[in-house]
Each structure stands twice: as structure tokens, then as C-alpha cells.
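Just the one chain here, the form predicted on its own, laid out as C-alpha cells.
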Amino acid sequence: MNTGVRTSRLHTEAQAVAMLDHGMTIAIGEPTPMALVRQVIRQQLRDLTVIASGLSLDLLIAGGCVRKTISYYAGGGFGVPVAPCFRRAAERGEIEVWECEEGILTSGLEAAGKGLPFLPWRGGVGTSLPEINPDLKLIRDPINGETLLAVPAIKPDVALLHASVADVYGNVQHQGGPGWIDLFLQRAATHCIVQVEKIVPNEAIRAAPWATTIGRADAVVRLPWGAHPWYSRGWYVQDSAFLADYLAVATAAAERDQPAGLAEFLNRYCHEPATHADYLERVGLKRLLALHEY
């Protein structure tokens, strides 16, 4: 019987990441939920299949968490076409790389969200992608006879997302709409954890129901500045100098066999801070306040 009693889905960062386990498939949204990513590294989760892009993926590889990657873009930005730790791990065979592009990834996620074994896609037909990734199958369209690519369902165990606000019941609102891939990840995943800049009353959510992008997330975590060093729309811009610092030490470790700087970076910003608040103290208030959006 429905009693009408609602259950709070508010978690601490440690409680939320405790929902994850070794060997899971986790998906990382954009903007990146960096506080949760750092908690994954801090908890020393291993053998993960990670659906992510850019430097969040690279940081998880640097932290020793990743066995397999599913990524449409493993670049580093700042003129770095391939992120350094990803490149080194892929070249050494330390990780499995599931090759895809954006349309293949979203088709696989959409198939999982719809409970289908696969979905057809045109991208990749006529390229070497089906040879490099044998999970992608060339099929013949039974309607028009066209050659298409059958993309198998990609189903994450848990999606980790960042948003603007939520109430304690898991109703989430993004500022300016969700990250472009977030809703694909949320629909495909078995569970969804969302970190937010602010927890608001349920009355505020109900006052603007059209702004709700995700209803009843499995867990919401209040983590102000939680996307740092990335941006959070309506709150702050990315910390480009911080990202450049990471790229410098990661590149030195990957390309020049100088791991000390990367190890120090991981210790300083991932392992040593026990909580997100401790991380923010490491970064410093003046630096954070300098990232105002306007």
C-alpha cells in the first residue's frame, strides 16, 4: 500500500560512493562530478569499466581505478589531443579500450535505456571501427536494405552526475539544462548518484517543475564547488591553471618517466583530503572565489 511517505535520498559523499564496488561499470557525466571522482580514487576502487571523457577519465586511470574505457574523447584539452595517462596505459596494454564515437556511445546507452539488445547507427559504416571493435556488427536494414552498424546496449551500473540543485527526495534540476550526455547516462544506468551545489526545499522544485531534469535519483550529495576544477553552469568557471598543473605532472609521468609530480598531485588532492571540504581547503578560498562566472 502506498502510504505517501517519501524517503530522503540525501547521502554523504562516502555513503554515495559506498554504492560502488570493484569491477563495476560507472559512467561520469559532464560537467564532471569531480568530488565523487576523487572519492572513487580515495576509496581505491579497482577494475572499473569507465564511461567518461577528458581529464576525469585520465585522473581515474592515474589513480589505478580503471580496467576498461568506453570513451568518445580521451583528449586532454589545452592542445593535448590525447590525455597522457590514457595514452600510456593504452599503449602498454594496461587498459582495454572500447573504441567508439559519440553516436555509437549514445546509441548503446539509448538501447540500454529502452531495454533493447542493440540499436542501429550509421556512423562508423565504411570505417575500420567494426574491425577494431568486434562488438560493433555490420547489419542489413530489413526495410531499405542499407548497411548499418548494430551497437550493443551499454548499461552502466552507476551514473555519477553533477547538477545545480536538488531536493532531498532526489528531484534534480540542472542550471541551463543537463550536460549533453547526462540524461543518456541516467536512463541507461541501474543507479544514479547526483552531486549538487545546493539542496533546496521540495517546494522550490515543485514551483518550477519544468526545470526538473532527473526525478528520484538514487542518491543526492550536497557538494558545493564539487565540479572543481571544471565548471558548474550558473556557479563558477573552470580553473584552467589547475588543469594545466595536472597535465604538466601527468605528461612528465607518462612521457618522461618522472612519476613523482603526479604521485604528489594525487596525494595532495585525492588521497590526503578525507572529505570534499578538506579538498576545498587545499585549493583555497581565494582561488575558488576568483572563478566567479560573471
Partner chain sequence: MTPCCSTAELLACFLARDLNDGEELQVGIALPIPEAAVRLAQLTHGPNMELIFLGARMNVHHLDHLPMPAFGWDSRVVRWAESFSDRGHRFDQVKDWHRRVFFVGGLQVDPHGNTNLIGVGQDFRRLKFRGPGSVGTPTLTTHVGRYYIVLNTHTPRIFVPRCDFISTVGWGNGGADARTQLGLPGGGPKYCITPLCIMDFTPEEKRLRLVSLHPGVTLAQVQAQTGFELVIPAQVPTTAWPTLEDLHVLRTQVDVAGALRG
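Positions refer to the first chain, counted from 1. All values derive from a computational prediction rather than experimental measurement.
We do not show the form predicted in complex with its partner chain, though everything after this point is about it.
Peer 1: Counting only non-hydrogen atoms and a 4.5 angstroms cut-off, does Arg287 reach its partner chain in the model of the complex?
Peer 2: Although its partner chain is absent here, Arg287 would stay clear of it in the model of the complex, with no heavy atoms inside 4.5 Å.
Peer 1: Any chance Val168 has a heavy atom within 4.5 Å of its partner chain in the model of the complex?
Peer 2: No.
Peer 1: At 4.5 Å between heavy atoms, is Arg233 in contact with its partner chain in the model of the complex?
Peer 2: Close contact exists here: in the model of the complex, Arg233 approaches its partner chain to within 4.5 Å, heavy atoms only.
Peer 1: Residue-level question: is Gln238 within 4.5 Å of its partner chain in the model of the complex, judged on heavy atoms?
Peer 2: Contact check for Gln238: yes, within 4.5 Å of its partner chain in the model of the complex.
Peer 1: Check each residue of 122-137 against its partner chain in the model of the complex and list those with a heavy atom within 4.5 Å, in sequence order.
Peer 2: Contacts from 122-137: Arg122, Gly123, Gly124, Val125, Gly126, Thr127, Ser128, Leu129, Ile132.
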